[in-house]
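In the form predicted on its own, a lone chain appears below as structure tokens.
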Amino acid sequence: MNPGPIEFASLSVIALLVAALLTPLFSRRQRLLIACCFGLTAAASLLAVVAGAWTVSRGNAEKIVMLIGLPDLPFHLRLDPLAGFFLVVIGLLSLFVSVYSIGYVKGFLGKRSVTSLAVFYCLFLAGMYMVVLSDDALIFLISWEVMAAASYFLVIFEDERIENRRAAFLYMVVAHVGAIAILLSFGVLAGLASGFGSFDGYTFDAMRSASFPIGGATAAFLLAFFGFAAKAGVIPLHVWLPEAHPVAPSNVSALMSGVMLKTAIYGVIRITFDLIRVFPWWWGAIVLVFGLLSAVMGVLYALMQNDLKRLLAYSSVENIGIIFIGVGLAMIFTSFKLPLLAALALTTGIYHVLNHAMFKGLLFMGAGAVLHATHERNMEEMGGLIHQMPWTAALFLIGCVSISAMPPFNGFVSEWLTFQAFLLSPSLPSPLLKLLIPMGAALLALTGALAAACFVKAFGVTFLGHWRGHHRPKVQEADWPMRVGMIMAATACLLLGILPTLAIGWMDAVPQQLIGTSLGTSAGAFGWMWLTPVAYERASYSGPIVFFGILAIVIAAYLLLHVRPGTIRRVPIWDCGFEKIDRRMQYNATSFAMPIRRIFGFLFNVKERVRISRRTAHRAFPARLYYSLHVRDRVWGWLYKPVIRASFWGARKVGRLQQGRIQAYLIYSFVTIIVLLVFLR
């Protein structure tokens, strides 16, 4: 029998599980463990990419029934175009990060054992692959818990730090609250599919063949959206994300932000478009509103940050919001029977899934290289790294340009397509949506402008100017495995921006499966060079022409300015007539964000203080100024602190029952027996 895509995908999962089992055998030889473990995960990820790309290209589905579940409840696996696409996304970034990890994880040698990191890294990847391959509620939830538990142990890897333990605990609480909501959603769907007296409806095939009443379907959708939004970091369920991502090892942060969040997007699309299938327009409006809220607030939170990895984490909230904007628009267009526009919006969402995985993985790998070299995450203590780390600076710049939606890189294409979907809203028959959706387009435009400012700050403060820190470490460029991982991700960002028509034509099987209409015919009507989303009369974009045009301008500028001697003259830096510039006389992260903070400060809890030290002979000349700034998330104070306080209050009240005296415990037992006798007679 010739192996098919699902056999390749299964082999990938088996390889990861075998690697997790065998890794502890090499615990005494840490360098060999790193090479073998991450080499094997790279190979397994490549298998997953092949399986997913093969499935999407063929446009069909394959199934496997595994008789290893509970009695009469076997595990069902299915690889269809939707699962195949997400398998490619997860596998592609996992391949890049695994290569990067061969160099990055060596930084822990001599400080701590990396055995647990390697084991849970393998389980983390296996859990994500199994989530998208699952075809019944049982194996889906088991895979979901494997992914969550493995990522918890990866976040807490450096467990001697209190912030790691706190972040991991918060992440696990939110993850399990979301998992309970997902479990209840599957319970409602399974009960409606086969009756609440049997378990026959637990398979996704049973749910697909059922016709759900609108009330039950709405309850299932709201539960599922809440559960998956908690995992995706949608505002106001985002509080775990800026805590967990910065403290995790940077290779893990790249995977958590780049692809783990996307499993939640997969879950929403799978339940809404594949299992329920028929839904009212206001479901899409809910998704759209939360997407817009997350996009705007996420980028504003990111702009306020001085911690490089925390900035990237909040930026993930923004990009998850942009993805949900596309999914919400697709749901609205589908409910109004506009299949071509629905295909455009859904393609926009899933294309941004792929794009975000590439550029956010690249940015986290770049941040990891900076942290690896400087042992510093605070941008206020960085600067001038472009001279010591030119490779990292150039690759990080590609990630910054991509995430800022600037051509010719991939972020521009998916956000441009999102605007095209917004601009087609007059096709909707609802006057309310005709008013609200253009307002959403304006908010998306604001988000794009703020994102560009955010990553000008991230790159400029980190890599340009002078070193701002008080103690300058000996900075060295990232080693070659780390560079290769970043180069592969940067190349993907460029290719997805130059050749979007080919990528959209390849992923066309996904909207065809879920909506019944494809976008490839209209998008590629004028060949691979031109992207025409719906019709060329409305809008068109040519990635290759833009790329070669920009390249020609760069080459011409180089020839005019750098080839001829004497064209460029170097002089001392001028600062209002004062030439002796030091590290204090330059923009830092706090000052860069000050104008934005003045405009949008009411959205945050901002505490800004200036203290003057007057230990001098004259009052007019203070010895020193002490400036402090704290920007806090209002959602934490409004929503989470009251719950935490109530939980501790209840725990203290219940704790009084524990007296430590045998007489009290005997009284409790006696009262319990009396109550049972009264109510069970």
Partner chain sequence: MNLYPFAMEILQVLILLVVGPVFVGWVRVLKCWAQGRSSAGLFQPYRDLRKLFSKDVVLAENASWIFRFTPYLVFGTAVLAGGIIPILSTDLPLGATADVIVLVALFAIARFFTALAGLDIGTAFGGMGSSREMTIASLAEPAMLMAIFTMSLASRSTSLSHMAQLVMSGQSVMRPSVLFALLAFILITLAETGRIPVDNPATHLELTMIHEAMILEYSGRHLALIEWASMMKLFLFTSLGIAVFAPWGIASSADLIAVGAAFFFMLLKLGVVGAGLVLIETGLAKMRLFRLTEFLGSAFLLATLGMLSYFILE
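Just so it is clear, the model here is predicted, and its values are computed rather than measured. Residue numbers count along the first chain shown, from 1.
In what follows, reference is made to the form predicted in complex with its partner chain, a form of this protein that is not presented.
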| property | result |
| --- | --- |
| Option from 396 to 404, 352 to 360, 204 to 212, 273 to 281 whose residues, in the predicted complex, bring a heavy atom within 4.5 Å of its partner chain | 396 to 404 |
| Its partner chain contact in the predicted complex: residue 558, any heavy atom under 4.5 Å | yes |
| Contact flag, residue 160 vs its partner chain in the predicted complex, heavy atom cut 4.5 Å | no |
| Partner contact for residue 196 in the predicted complex: its partner chain, 4.5 angstroms, heavy atom | no |
| Interface membership of residue 216, its partner chain in the predicted complex, 4.5 Å heavy atom rule | no |
| Candidate from 554, 109, 610, 177 lying within 4.5 Å of its partner chain in the predicted complex - any heavy atom | 554 |
| Of 491, 116, 586, 517, the one that lies within 4.5 Å of its partner chain in the predicted complex (heavy atoms) | 586 |
| Partner contacts in the predicted complex for 431 to 453 (non-hydrogen atom within 4.5 angstroms of its partner chain) | 434, 435, 438, 439, 441, 442, 445, 446, 449, 450, 452, 453 |
